[in-house]
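Given next, in structure tokens, is a single chain: the form predicted on its own.
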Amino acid sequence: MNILIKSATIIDPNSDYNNTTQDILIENGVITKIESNLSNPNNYEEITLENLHISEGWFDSSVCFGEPGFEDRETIENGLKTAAYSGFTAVAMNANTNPVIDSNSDIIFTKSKASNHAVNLLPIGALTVGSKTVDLAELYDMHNAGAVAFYDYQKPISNPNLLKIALQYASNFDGLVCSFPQENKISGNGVMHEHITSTRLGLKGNPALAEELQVARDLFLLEYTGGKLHIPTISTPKSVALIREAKKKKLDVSCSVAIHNLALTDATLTEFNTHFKVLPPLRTKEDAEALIEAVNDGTIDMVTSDHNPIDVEHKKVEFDHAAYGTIGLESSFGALQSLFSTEKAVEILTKGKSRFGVAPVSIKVGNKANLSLFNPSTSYTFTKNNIVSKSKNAIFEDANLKGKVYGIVANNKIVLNS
């Protein structure tokens, strides 16, 4: 791949060209020149786009693609296309497939389905066999096959001894163990945040306590065992406080938050729209503000779309019976820019890579081109026309967002929105 990118504003604090507008020559997938005005004697393809900005390629630590087993929701091929159109050059894929990804052969299959694509797919293996939270899966074998972490997606590990053993065992090969923060005996049959809105709507509530108890337990286990723990998609200020204290103790813990838990609250659930049924649930404005503060101060290590396509048969039903989940890749950048500056949004979208074994690649001559291309100034209403995913369960449908993504340059390939 040989291309010349014209007049691109570079957003990369690790580059000497940060906040400058440059031409960038890429030959055989490698950046060979960065100058204010480059000629094109070899007649390479030129990329000239309105208000073009570029940054180091973006990363999402939690996406679901369905395949194998749920191809009606999403396939790996279309999921990676969605990621590329949304500006992501690497995504970590959860194991909530059918069959569940819980062996080395499953990891190899998943990687093979994603080979030769512009987007790097990083498979997350199930922590337990079949994600039934009973017996540990083949963690070491999956690690050797390329699994970047181990997680039973949105299934809490109720047995503390199981998590203890997982942390101890995985520490032998620096494996990352993920534990979903919910105590099911407290959350019960709750389908939204337990608060004034749930009472008014007559829906069963899932209290913040259910998350916070599990976070506290898991941090105690981490302190006892050592090891490497990631707590995905936290949603309450007390969870933030617990993790902040654990980091002060130098425990090896990281955490993420879903974009929708930053941008939306339980107040949106006035019409029982199942697009807003997510796990953890949308909570209060005060919760969202505390989470944003934790993103700004670095307590929350990464922000994820928590992209989870759900077929219409499991969404277009009564709220109590609808499946949890929303697609989010397509709206990630626009939603983040509604909350943060462009520079901060890019920082958020490029954080968390090293935790999942992805080496950062800054915009420098001699480095492989790993770029996200975007226009931060475009404002628009997110509609079904903006959805690339096979499933259409978008929590940000009809929301006003800011920022258009053009595509990516990565793995010696270019993928641009038409």
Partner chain sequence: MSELSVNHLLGIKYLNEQDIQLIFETADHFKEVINRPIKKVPSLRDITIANLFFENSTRTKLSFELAEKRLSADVINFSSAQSSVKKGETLIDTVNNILSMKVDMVVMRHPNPGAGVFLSKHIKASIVNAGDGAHEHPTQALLDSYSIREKLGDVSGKKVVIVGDILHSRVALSNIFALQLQGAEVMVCGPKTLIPKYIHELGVKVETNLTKALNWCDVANMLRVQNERMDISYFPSTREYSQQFGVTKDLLDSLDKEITIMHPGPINRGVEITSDVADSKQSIILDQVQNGVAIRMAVIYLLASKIKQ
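All values reported here derive from a predicted model rather than from experimental measurement. Residue numbers count along the first chain shown, from 1.
The following text describes the form predicted in complex with its partner chain, which does not appear among the structures shown.
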property	result
Proximity of K155 to its partner chain in the model of the complex, heavy atoms at 4.5 Å	no
Heavy atom of K249 within 4.5 Å of its partner chain in the model of the complex	no
Any non-hydrogen atom of A145 within 4.5 angstroms of its partner chain in the model of the complex	no
Contact of K285 with its partner chain in the model of the complex (heavy atom, 4.5 Å)	no
Of L213, I165, L201, A241, the one that lies within 4.5 Å of its partner chain in the model of the complex (heavy atoms)	L201
Contact assignment for its partner chain in the model of the complex, among F220, Y169, F272, Y324, heavy atom within 4.5 Å	F272
Partner-facing stretch of 122 to 130, 83 to 91, 314 to 322, 220 to 228, counted where any non-hydrogen atom is within 4.5 angstroms of its partner chain in the model of the complex	314 to 322
Contacts with its partner chain in the model of the complex, stretch 180 to 197 (heavy atom within 4.5 Å)	N189, E194, H195, I196
